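Starting off, we have a lone chain in the form predicted alone, written out as C-alpha cells.
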C-alpha cells in the first residue's frame, strides 16, 4: 500500500541513514521502503487480552524496512542491529519458523501474507530501528506491521487496516510465541497524527480521540532495564486473568465490575482478586481519561495515569523498582514542575514510563527526572518527547 502523500518519516534524516545502511549491507540501492511506528499506551494496560479498553498512540519513531526485488525467488532479511546475521526464505514455498530468532516476526507476517493471497517476489530487506529495544514501545509490532506493509508494496496485495493488524497479531502468536492482545498492532496500523486511539478490544471497534492543543506533550523515559521475570511474567498474568474470568463465569474480565470482583473475593483468592481488580478498574480509568481528554482536563488525565501505575504496581505486580523510581521522580515535580502524571507503559518488569507534561518544559523535566533516577539507581536513563503520530506507510523509491 503506497502512501498518496509523503509521510514525514519517509523524507527524514533517519531514512537517509536507512538507505545508506542498506547499500552498505547489500552493495546495491534499495527500491522500496516501508515504515511503521512504535507506540506508547497513555492508559489501559494489560486490559487488551481481557477484552477491555486501551488508549495508545503511535509515536514519531519506529522501524524501517528498506528492500530491493530479486529475480531468484529468495528473500534475504538482515538487521542493522545484528550485523552478520541473515535469514533466507524461499518465497514460493510455505514460510516456516527459522533462524535467526528475530526473523520470525517477519517470517510470520510473510506466512500470513501468503495465506491472504500475496505472491511475494524475491527480495533483499534490511531492518533499521530508531526505537529503544525492550523499552515497552512495541518494537515487535512495529517490525510486524512494517513487514506487512512491505509485503503489500512488493506483491500488490491491499489489506484492510484491521485485517493487517490481525495478521500481524497472529504472526506474533504463531511465530514469536507471544500471546499478545490486539492493542499494539492496531495502534501501529491505525495511528493518526494528533490523535490517540481508543480501542474496544472485545468488539475491535476503534475511535480516534483528539489530543487537543500543543500545550502538552508525551515524555517517554526508558529505564534501560528489562528484568528476566518478564520472560514468563506476561504469560502468567494472562493465565491469571483467564482463570479469574472462568471463576467469575465470564469470557473476559471486561464483562464484570470492580464491585463484582470484590463480592467474589472468596472464590478468587487474594492473587486472582488483585489481577481482576486491576483490569476492571483500569477499564474505568481508560474511559474516564477519554472524557477528560475531550474536555482538555490534563490534571484529571494525569491523576488517572498515576492511579493506573499504582494499580499495575500493587494489584497486577508488573512494575519494578526502576519504573517506580522514575514515576516517583516525576510525581515529585508535580503540576508545579510541569508534570500532570506519569506511569509505566508496556508489559512491565522494566522498559519505559510515559509522562504527560507541559510541552515547553519537557526537556527540562526529562533532565530532572533522569538526574534523580541516576542518583537512586546508578543507571543512565534515556528519553524522548513525542506527540501522537501517523501509522504505517510505504513507497517506491524513485
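Numbering follows the first chain given and starts at 1. Computed from a predicted model, the values in this text were never measured in an experiment.
Here the subject shifts to the form predicted in complex with ligand GLA, a form of this protein not shown in this document.
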Which residue, 349, 26, 49, 340, has a heavy atom that falls within 4.5 Å of ligand GLA in the predicted complex?
49
Which one of these stretches, 206-214, 246-254, 259-267, 178-186, sits within 4.5 Å of ligand GLA in the predicted complex when only heavy atoms are counted?
178-186
Contact with ligand GLA in the predicted complex for residue 102, defined as at least one heavy atom pair within 4.5 Å: yes or no?
no
Proximity of residue 195 to ligand GLA in the predicted complex, heavy atoms at 4.5 Å
no
At 4.5 Å between heavy atoms, is residue 234 in contact with ligand GLA in the predicted complex?
yes
